Ligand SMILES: NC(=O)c1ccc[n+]([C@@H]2O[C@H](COP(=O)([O-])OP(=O)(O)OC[C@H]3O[C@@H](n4cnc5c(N)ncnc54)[C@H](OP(=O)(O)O)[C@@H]3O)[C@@H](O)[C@H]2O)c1
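Take a look at this single chain, the form predicted alone, given in structure tokens.
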Amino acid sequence: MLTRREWMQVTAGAGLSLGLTPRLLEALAQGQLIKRAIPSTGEMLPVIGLGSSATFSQVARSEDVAALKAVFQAMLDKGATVFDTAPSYGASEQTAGNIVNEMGAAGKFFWATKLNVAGRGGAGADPAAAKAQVERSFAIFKQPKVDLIQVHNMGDPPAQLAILKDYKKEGRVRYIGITTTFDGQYGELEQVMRNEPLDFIGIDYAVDNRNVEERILPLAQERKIGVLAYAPFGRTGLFRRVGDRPVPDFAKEFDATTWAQVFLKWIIGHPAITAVTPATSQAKNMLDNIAGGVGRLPTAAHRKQLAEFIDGLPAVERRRG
């Protein structure tokens, strides 16, 4: 096993090629990426993963995906195995499958995708179309099992969860769940959490978007449901909100040296969170995000202090996408 000094020497060359700062290299050298147990089974997952909407999706549509290959390699190097995607994220699912299979590393990732067949507005989802979409995900990942499939944004839970439960019973899907990124769907989400055997939920959660703390996260803990946190940077709103302000001094007390690390550690500091999946198309940003899952985490007092700090800043528009 490498000593900390040896590790720093080994990674310094890679750091120079990616433009990593000494502070980021120091953060990555703090220790191993933290892992959390999936409540329904106890399986351990790294707390930082990768989402594939937004900037990842934009690059996935292009012909040059070298940057995304570097992102996946950074994940492999540091043990950040959770990859969250969806058929609705443009070319993201297909491009990611192509890249990781070309790398010969598909079996090393925790694949989380979604069932996305329209079923809102009173119209039930077409079971045949739903099954065809699941089978397409299997074909893309080229794996005998998909780790997690979640019903996307509360799309017809009775019909689509029934399909996923059948896949899980057959042993082809390991975990099932449901997501929403809309506050107006939280009431319906609570009902599903209480009445269905979910392994996971996926929700938006950030220091400037704390609505799930009142009911959703406590219910997840009560029902032993894992939580994937999406949009941890407020869809870039948090970075725009802090601007060029320096990271607060108290962040040193939980080993955060960049704003990305501060925001991610704040989320992971909540015990209900299983993993956070920020999207990026740059390896440098991926490594910065991973550093947010290394070292000490903020205490409840730190989390309250940061929330108050952010609340005191001028608000910005939250962008979807």
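The numbering used is simple: start at 1 and walk along the sequence shown. These numbers were taken from a predicted model, which means no experiment stands behind them.
The same protein also exists as the form predicted in complex with the ligand; that form is not shown, yet it is the one meant from here on.
The stretch from 235-243, 128-136, 157-165, 188-196 that comes within 4.5 Å of the ligand in the model of the complex, counting heavy atoms only, is 235-243. Ala231 is the sole member of Met75, Ala231, Ile149, Val100 with a non-hydrogen atom within 4.5 Å of the ligand in the model of the complex. Proximity to the ligand in the model of the complex, defined as a heavy atom within 4.5 Å, singles out one entry of Gln221, Gln94, Gln143, Thr181, which is Thr181. The closest heavy atom approach of Ala54 to the ligand in the model of the complex falls within 4.5 Å. The ligand in the model of the complex comes within 4.5 Å of a heavy atom belonging to Asn153. Under a 4.5 angstroms non-hydrogen atom cutoff, the ligand in the model of the complex has Asn285 among its neighbouring residues. In the model of the complex, the ligand lies within 4.5 Å of some heavy atom of Ser281.
The partner is not shown here, but in the model of the complex the stretch 289-316 reaches within 4.5 angstroms of the ligand through a heavy atom at Asn289 alone.
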